[in-house]
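Here's a solo chain for you in structure tokens, the form predicted alone.
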């Protein structure tokens, strides 16, 4: 089983590398032999810019520091979404009263995209860091609440009934049955929420910022620097991929009986 898992992992890495190489080849051919070269730089020019930006500053900071600034904003907003969303989702799934109180409000706010909150975020919190944290939080919290609710509400009631017959208290049922059964679904929500947070940081940094991956794209757009725009987009994609992979590794450790996202 372990050998099979390692082979599967190796195949995934090989396919990933092949897909990236294929993308670079298609990109290079497109800019070499089509009119796309008028608006799109070569992939090697963009990669060269990314390599230079590791040591040369963009607007006062090198690229890794811009990425770290965006990550800080993402983690603050994402952490707030987790500490609010997971308890609310579990409350909706475990308590009829909690569901009756929380779910109508949740269903009302659920269709509203995180970016729609930008005007209110500016009115409530100004154009500083707090408004960015708020936008990232509301962008992630819906999927976190929804999956935590799904996990808690789909617990096998036969196990719950058996535990009650054996004299288990409500707190014990929650800790030893409900919560472990909900963890896989919660992690599914955390995956989606993290992706939403990382996408929302771009919009959050467009409000007003002087650093970050979104700022790199915005300033590139203002100056007409396509190379810088693409470099920022590629950096965002790579960091997002690393974050998702890290969360999958954590999930494998905590949910080895129900691995998702292979």
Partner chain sequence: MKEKKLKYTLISTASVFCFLLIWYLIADVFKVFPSSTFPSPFKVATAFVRKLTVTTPDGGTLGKHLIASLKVVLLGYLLGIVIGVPLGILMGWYRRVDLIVKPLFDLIRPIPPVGWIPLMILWLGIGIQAKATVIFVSAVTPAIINAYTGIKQTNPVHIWVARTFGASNFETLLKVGIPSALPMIFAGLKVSLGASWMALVAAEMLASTEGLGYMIQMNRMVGKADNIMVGMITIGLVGALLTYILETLEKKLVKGGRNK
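On a predicted model such as this, the values are computed, not experimentally measured, just so you know. Only the largest set of C-alpha atoms that superpose within 1.5 Å between the two forms is called the rigid core. Positions refer to the first chain, counted from 1.
Form predicted in complex with its partner chain: not shown, discussed below.
Annotation: in the predicted complex, residues 113, 123 and 217 each come within 4.5 Å of its partner chain through at least one heavy atom.
Scanning 68, 62, 229, 50 against its partner chain in the predicted complex with a 4.5 Å heavy atom cut-off leaves one residue, 229. Here the chain stands alone, but in the predicted complex its contact with its partner chain, taken as any heavy atom within 4.5 Å, falls in 113 to 121 among 144 to 152, 85 to 93, 70 to 78, 113 to 121. Although the partner is absent here, residue 31 sits far enough away that none of its heavy atoms falls within 4.5 Å of its partner chain in the predicted complex. In the predicted complex, residue 23 approaches its partner chain with a heavy atom inside 4.5 Å. Using a 4.5 Å cutoff between non-hydrogen atoms, residue 250 does not count as a contact of its partner chain in the predicted complex. Contact check for residue 19: a non-hydrogen atom falls within 4.5 Å of its partner chain in the predicted complex.
Within 4.5 angstroms of its partner chain in the predicted complex, the stretch 23 to 58 places a non-hydrogen atom from each of 23, 39, 40, taken in sequence order.
Positional change of residue 54 between the shown form and the other one stays under 2 Å at the C-alpha, relative to the superposed core. Residue displacement note: residue 24 has its CA displaced by at least 2 Å between the shown form and the other one (rigid core superposed). Relative to the superposed core, residue 223 undergoes a Cα shift smaller than 2 Å between the shown form and the other one.
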